[in-house]
Every structure is written in C-alpha cells, then in structure tokens.
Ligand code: TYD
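Just the one chain here, laid out as structure tokens, in the form predicted alone.
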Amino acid sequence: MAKASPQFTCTECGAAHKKWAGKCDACGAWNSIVEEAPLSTGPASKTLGAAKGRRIELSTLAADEAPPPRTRSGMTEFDRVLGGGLVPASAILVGGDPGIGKSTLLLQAVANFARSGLKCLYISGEEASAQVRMRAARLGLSEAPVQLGAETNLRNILTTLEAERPDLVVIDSIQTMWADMVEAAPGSVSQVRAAAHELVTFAKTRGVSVILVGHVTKEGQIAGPRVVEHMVDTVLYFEGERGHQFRILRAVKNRFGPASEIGVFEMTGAGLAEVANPSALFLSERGQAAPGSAVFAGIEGTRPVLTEIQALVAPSSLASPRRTVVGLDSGRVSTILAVLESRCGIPFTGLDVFLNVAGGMKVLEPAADLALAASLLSAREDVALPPDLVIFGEISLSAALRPVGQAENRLKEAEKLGFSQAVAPQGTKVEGGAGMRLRKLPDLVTFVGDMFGAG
C-alpha cells in the first residue's frame, strides 16, 4: 500500500500546498502553513468496494411538504434575518470583528429563546463562566433560564449535549474548540473543520439547533476553511464601525429564508437595542442641505433603507490625489469617476476625493451609482442638492442610466420620511403612482445638465 503524502494547509485562508513554505502564495500570510494528517491512508476504490451500499429513496419535485416550524425569539430584527425565526436542527454561523458585540447579541438572543420555552445551552470557549455571568447581569439577563458552560474539549461538549438534549446550543467560538482525534493546534484549519463537522452532524441527527461564533480575518472573512460556510444552513455577519453605535446583522446565506436580509441594532449601555426604522435612524443626524450630500433610496434584503452618501472634493498637492472611500465599493467609485470624466467631460484630476456613508452603513448595491455621482458633482461644484430629494439608479459605462428593481418600495419609504421628489432612470416602472414628483432621466449627461446646469 502506497504511503499517503503529507498535506500542507494555510491556517489563514485554507489553501492547500504540496510542500511547506514560509509564505502562503494565496493570501500572503507568513508562517501560516502547517502539515496536516491525510484524511485517508487507503485507496477510496477499495474502501467503497468492500461492501454494497443501500439504495436511497427518491422523490419528485412536486412532493408536498409543510414549511419547517419556527420559534421566534421576540427580537424582531434577529428573527427577520433568520427568515422568520429559528428552525429546529439548523446550523448557524455568526461572524464579526473582535469587540463588535457578537457575544452580547447571542446572549440576548439565547435568553429570549429560553424564555420562549426552548432548553438552551451557552458554551463559552473564550471566557470563564463568571465573565459570562457578569455580562448577563449587565444586560439584565441573570434570571433567564439559560444553562452555562465553559469548555473547549469537543468530546466533553458532545457528551454533555447528548446527556442534556437541549433545543439550542451556542458555541462561542468555533476557533477555540479542540478535537482530540485531530493532531493540530486549536484554531487550525483541520481543527475548525473537524469541530464544525461534528457539531453540525450532531445538530442534524439529534434535532438540536446550533449557533457557532466565528472569528474573522483582516479581510473581513470568517477565519478557517470555507467549507465550514458550506456545512451550515445560515451564515450571518455582524458589522459596524467602532465609532458608531449602529450594528448591522447581515445574512449572506440562508437555506430557510432570503439572503442579504439585514437587521439593525443600536449599541447602548444596556446591550443591543432593536431599530425598527433604520431609514429614520440613518438620516436622523442629517442637518441643513450642504454640498456633497445625497440621499440614496436603497434595498437591503426585503426592506427599503434610505442612507446619506457624503462626498468631499478638494484640491490636492500630491502627484497622485487621494481616493478615500468608507462604506462603498472603491472599484465602483473609480468607475463612476472615469465615466464622469470620459462621458460628461467633468475632470477630477488633481482633486482629492473623500466618500462616506453616514451612520456606518455599507452600500454595495449598483443602484447607488446615481446617488454617488450626484454627491461627487455636488461637492465638486459646491452646489447643495434639494433636501427633499432622493436618488437611485445604475450607471453603465456608456453613461446610460439603467432602471433597478423595487422602485415603488423605494419611493414609498422616501415618501413616508417626508421626501417629495426623486430622480431615477428613464425605464423605471412605478405601479400605483407614488405621491412624489418623479423625474426620469435617460443618461448621466442629461442628469448633469438638469441638476447642475452643465454637461
């Protein structure tokens, strides 16, 4: 029997290498490549040929099955992101920056689930039980019927879960779990993969819902192998800027509900408070009309959210002017600047450009192109846009304006917040007639001439 060759894996990104190296070619991390034991030492064909398998039961696509039952936590924003509540035997992965509030959010959520009648366990691998109790006391959750444990040994955790048979267990965090059958350090790719596989398998076979907390890398991705994200049913990211009190819980994968759904929270001294109307919150600090400010009517998941895009354009003394972007896609910003210069004849050469989305919100929707261009032009020309104006639309490389979906929902949200006029692409279809003055424009050149008297 041929001896299995060793395997080398990067602990940062999970890339496989044929031999050890000091630097990972995939992610550029140093001293992150470790040797892993092969999963199997025998040929797969011989292993599969030793015994005949069992024939699986097949069904048609027309099979009529009831939707899975859900348990609501009472936290409307949390339930919204889950797709309407917690599904039994589901596996959920929650990631976020250190100190952003992941443990606070999940402690509040598990306390609410416990109060609703579920038997809940909270297993901490990063903090002692006394530290978790201190946080619970600060949040006013000491009386919640949640069972608490502090352990990192996966075998001990699974034995406890088998004996207790809870409805929901929170593992904080998956990177601290240690499986004694894997010869690697806790937090390594092999350990994270093995621990996640065992916990997800336990969840599916025993009907227990599992929430795994995951650390993130400096690029903002959940640390460890990407296969962990494929194992679980739902992947949530908890986002926010340390300088802002707003926190966004965003679903990037959900087998039981819509992806890209968001829940908005506000960090307070008593924990995380739900925000029922994010648009009003993100625009609450918006003062008088000023150059460089444009309101974008966006869609996050299934809900419309209005945000303010702020721009500052100033002469630069540098050979390469600065392009500082916060909350927007920097590549998209570069494209819009190129379209403005090439198609509209408005140069930004020799000018520093600073862009920001107010409130710490991240806007990645292409529908923000027109509002982004409007804020840039407003800042460059030092002309304030009307304070009751909202803007949305996608810009093509030819400077044409392309319509975007859910225009009626965007306009209804804007009208509810007191906006009376909107600018959108020419092909925008609005049914039922929103009570706003809507200007439909064919291209960016027309927009520049209509709003700024140039182009």
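These figures come from a predicted structure and were not determined experimentally. All residue numbers are counted from 1 along the displayed sequence.
Missing here is the form predicted in complex with this ligand; even so, the following discussion is about that form.
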### Message
Under a 4.5 Å heavy atom criterion, is residue 104 part of the interface with this ligand in the predicted bound form?
### Response
yes
### Query
Is residue 259 close enough to this ligand in the predicted bound form to count, meaning some heavy atom within 4.5 Å?
no
### Message
Given that this ligand is not shown alongside this chain, does residue 360 nevertheless sit within 4.5 Å of it in the predicted bound form, heavy atom to heavy atom?
### Response
no
### Task
Examine residue 273 and determine whether its closest non-hydrogen atom to this ligand in the predicted bound form is within 4.5 angstroms.
no
## Note on the structure
Partner-free chain; cross-checking this ligand in the predicted bound form, the single residue of 268, 205, 302, 129 with a heavy atom within 4.5 Å is 268
### Query
Among the candidate residues 200, 384, 325, 100, which is the single one with a non-hydrogen atom no more than 4.5 Å from this ligand in the predicted bound form?
100
### Summary
Which of 250-258, 175-183, 135-143, 350-358 lies within 4.5 Å of this ligand in the predicted bound form, heavy atoms considered? The stretch 135-143
